[in-house]
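Next comes just one chain, in structure tokens: the form predicted alone.
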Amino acid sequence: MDTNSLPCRTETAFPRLGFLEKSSDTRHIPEGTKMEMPLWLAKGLYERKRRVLSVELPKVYREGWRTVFSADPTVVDLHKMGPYYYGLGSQLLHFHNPENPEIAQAVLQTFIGRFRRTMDAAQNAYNEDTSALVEPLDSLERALFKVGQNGLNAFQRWETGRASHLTASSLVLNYRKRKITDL
């Protein structure tokens, strides 16, 4: 499954949209057709009041995987499961599903469980090859790892005296003292 696609089932027929269904050569999409749909299209077609389509949960957000994440979220290769685990999980909450509270809790607990390890790895890997550390991370975790690495590098430069000199902020430089006559 493409990380930007969701498994969906049409609740009504879609006339003249058969080109969206790659496995069929018909001109129309009949009611009840299961297909992969891009997230942006599924969000646009999904309506709570008028059932046009229903979105099924991707397997990584189902009960079995939520149990694995609750046991030990640090052992799962999130990048292999889909590089946008947290982003897609939060987008799934827009589709009214009875499992939404459990999905939200699982995504949050997974992030909390993996955050400390991600930041510890970022802060303790100075001048090392970090590709093995970064490989199993989600895109959000990779961004956090990069921020942590940048902070570590800036601290190391400061500690060794190679940091740039402190300069005054532009707000301070442009601040004019008020004269008594201005008040």
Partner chain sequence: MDPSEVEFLSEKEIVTIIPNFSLDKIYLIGGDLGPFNPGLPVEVPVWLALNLKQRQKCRIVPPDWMDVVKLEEIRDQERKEETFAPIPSPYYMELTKLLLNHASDNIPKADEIRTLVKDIWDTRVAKLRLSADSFISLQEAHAKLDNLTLMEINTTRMFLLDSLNYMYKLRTNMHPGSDAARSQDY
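Everything numeric here is computed off the predicted structure, so don't read it as measured data. Positions refer to the first chain, counted from 1.
The protein also exists as the form predicted together with its partner chain; that form is not presented, and the subsequent description refers to it.
(message) Which residue, L57, L41, V68, L140, is the contact with its partner chain in the model of the complex, using a 4.5 Å heavy atom cutoff?
(response) Of the listed residues, the single hit is L140.
(request) Only one of L144, V52, M35, V134 comes within 4.5 Å of its partner chain in the model of the complex by heavy atoms, so just point that one out. (result) If I apply the 4.5 Å criterion carefully, the residue I get is L144.
(message) Given a 4.5 Å cut-off on heavy atoms, tell me which of 110 to 118, 26 to 34, 126 to 134, 57 to 65 is the interface stretch with its partner chain in the model of the complex.
(response) Residues of 110 to 118 come within 4.5 Å of the partner.
(request) Would you check, heavy atoms only and a 4.5 Å threshold, whether T74 touches its partner chain in the model of the complex? (result) Result no; T74 lies far from its partner chain in the model of the complex.
(message) Can you tell me whether H96 touches its partner chain? I mean in the model of the complex, with a 4.5 angstroms heavy atom cut-off.
(response) Looking in the model of the complex, residue contacts with its partner chain include H96, since a heavy atom lies within 4.5 Å.
(request) Mark V172 yes when one of its heavy atoms lies within 4.5 Å of a heavy atom of its partner chain in the model of the complex, and no otherwise. (result) Judged by the heavy-atom cut-off of 4.5 Å, V172 is well away from its partner chain in the model of the complex.
(request) State yes or no: in the model of the complex, is some non-hydrogen atom of A163 no more than 4.5 angstroms from a non-hydrogen atom of its partner chain? (result) Yes, A163 sits close enough to its partner chain in the model of the complex that at least one of its heavy atoms falls within 4.5 Å.
(message) Do any residues of 62 to 91 have a non-hydrogen atom within 4.5 angstroms of its partner chain in the model of the complex? If so, which ones, in sequence order?
(response) Those in contact are Y86, G87, S90, Q91.
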